[in-house]
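First, one chain by itself in structure tokens, the form predicted alone.
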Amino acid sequence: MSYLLKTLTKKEEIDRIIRDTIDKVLVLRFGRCSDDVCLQHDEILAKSVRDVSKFAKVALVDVDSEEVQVYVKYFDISLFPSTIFFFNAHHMKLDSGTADHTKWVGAFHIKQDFIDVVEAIYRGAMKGKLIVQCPIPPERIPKYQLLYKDV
């Protein structure tokens, strides 16, 4: 399903889409098209694009591209898929009860979970918030361990 969504492979493309997406939530999925979990996530994103098209734009970022490594390092993306949200070029954070509020790590279980998260981010952003509470029940939030290098 990843062929249905726009795939970004250059830093300039990412910069442009972040800068040019106005009054909509920008959803950037960082991952690999060859990874099974990324493919599951991409399927949910592709099925949801039409439902969120009035208030969100979705794009994929290929982490294997050398030109996007600056974003991979900046957002500390080591687990795939990782989804990052922006609104009017501001990085939106999501408090999902995990240690990292800067991104969603893992795939959404169902289409409605993704739609609920994007809608919550949109509503919060329209009120001027930079961090919003996750509307998904805790049992459907992917669990993972953060590993810190050189600590």
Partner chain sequence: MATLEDSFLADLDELSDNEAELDENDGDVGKEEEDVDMDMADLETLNYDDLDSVSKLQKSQRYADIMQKVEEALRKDLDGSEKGTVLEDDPEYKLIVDCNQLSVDIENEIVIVHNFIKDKYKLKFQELESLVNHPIDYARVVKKIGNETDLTLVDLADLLPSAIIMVISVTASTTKGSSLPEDVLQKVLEACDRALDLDSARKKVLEFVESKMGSIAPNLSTIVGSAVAAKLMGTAGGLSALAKMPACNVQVLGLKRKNLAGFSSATSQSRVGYLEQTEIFQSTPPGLRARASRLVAAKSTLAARVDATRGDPTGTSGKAFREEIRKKIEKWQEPPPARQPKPLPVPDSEPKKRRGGRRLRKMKERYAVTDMRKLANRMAFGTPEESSLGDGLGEGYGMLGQAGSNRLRVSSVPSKLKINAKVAKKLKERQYAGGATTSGLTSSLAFTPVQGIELCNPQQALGLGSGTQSTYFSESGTFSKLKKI
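Residue numbers count along the first chain shown, from 1. All of these numbers come straight from a predicted model, not from anything done at the bench.
Just so you know, the form predicted in complex with the partner chain exists too; it's not on screen, but the next bit is about it.
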- prompt: Though only this chain appears here, would Glu119 touch the partner chain in the model of the complex if you measure heavy atom gaps against 4.5 Å?
  reply: yes
task: Check whether Ile115 has any heavy atom within 4.5 Å of a heavy atom of the partner chain in the model of the complex, and answer yes or no.
output: yes
message: Using a 4.5 angstroms cut-off on non-hydrogen atoms, would Asp51 count as touching the partner chain in the model of the complex?
response: yes
- prompt: in the model of the complex, does His91 have a heavy atom within 4.5 Å of the partner chain?
  reply: no
task: Using heavy atoms only and a 4.5 Å cut-off, determine which of His109, Arg32, Arg123, Lys57 is in contact with the partner chain in the model of the complex.
output: Arg123
statement: With a 4.5 Å heavy atom cut-off to the partner chain in the model of the complex, the contacting stretch among 43 to 51, 101 to 109, 65 to 73, 78 to 86 is 43 to 51
task: Counting only non-hydrogen atoms and a 4.5 Å cut-off, give the residues of 70 to 96 close to the partner chain in the model of the complex.
output: none
